[in-house]
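What follows is one chain in structure tokens, specifically the form predicted alone.
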């Protein structure tokens, strides 16, 4: 049996005093697979994703468990080794891309910094690589965007920039943390299409952190449900809709079914 690309076992995350927030979480992601990490606010889904990246927030620590990526135990790596892994092995698309960008630096300058830090390009090649990256996420006027400051971009445009930057190093795993939150339905669909297409072109797997079952139904192969810091259900998306077994999964499916009935009634 082929080993998974990412294999998390018994992950425990909490405060330095030992108070657990994520409790014995285990999950696996295979090659070229899109998996949703579903959970409500405070469920621990984002902390789980950040632990994989090795970037837990201040005051939060990993209390135990294993995180293996391509067979390598990430918890054994030193900070410099983890830094090199981020961007080339595992990449991250933040929830609020505009807030994650430096407000006083032009987009082009920020993209050049990432390219140089990852040692992917230098000199004249940096500008070309930046333009190609923006064009790859279907930004129509990449030259203008490179000259822009973050506040001059729409939320959807900033999210596309974040996707382009995340995929600079052709990572094997892309972690997208609520990438469509705060965007209208049309822009949500466009952003997810870009993530899906670019990940497929790069041969990458995707871990989508979300609470939106509609997005999951359209774009994911499997769903992993997190409730109160525990993984309570893992199954195909079709299986989830056919018969969720966890409390949160049933609530999500019931809400999605109600919305579908409402839409059918209003368009009849």
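Keep in mind the model is a prediction, meaning the values are calculated, not measured. Positions refer to the first chain, counted from 1.
One more form of this protein should be noted, the form predicted together with a small molecule, which is absent from this view; the next part is about it.
Participant: Heavy atom to heavy atom, is residue 15 within 4.5 Å of the small molecule in the predicted bound form?
Facilitator: Contact with the small molecule, yes.
Participant: Report yes if any heavy atom of residue 235 sits within 4.5 Å of a heavy atom of the small molecule in the predicted bound form; otherwise report no.
Facilitator: Although the small molecule is absent here, residue 235 would stay clear of it in the predicted bound form, with no heavy atoms inside 4.5 Å.
Participant: My question is simply whether residue 95 lines the interface with the small molecule in the predicted bound form - judged by any non-hydrogen atom within 4.5 Å.
Facilitator: Contact with the small molecule, yes.
Participant: State yes or no: in the predicted bound form, is some non-hydrogen atom of residue 40 no more than 4.5 angstroms from a non-hydrogen atom of the small molecule?
Facilitator: Flag for residue 40 set to yes.
Participant: Just one of 29, 47, 224, 213 has a heavy atom within 4.5 angstroms of the small molecule in the predicted bound form, so which one?
Facilitator: In short, 47.
Participant: Quick one: of 202, 217, 53, 60, which gets a non-hydrogen atom within 4.5 angstroms of the small molecule in the predicted bound form?
Facilitator: In short, 60.
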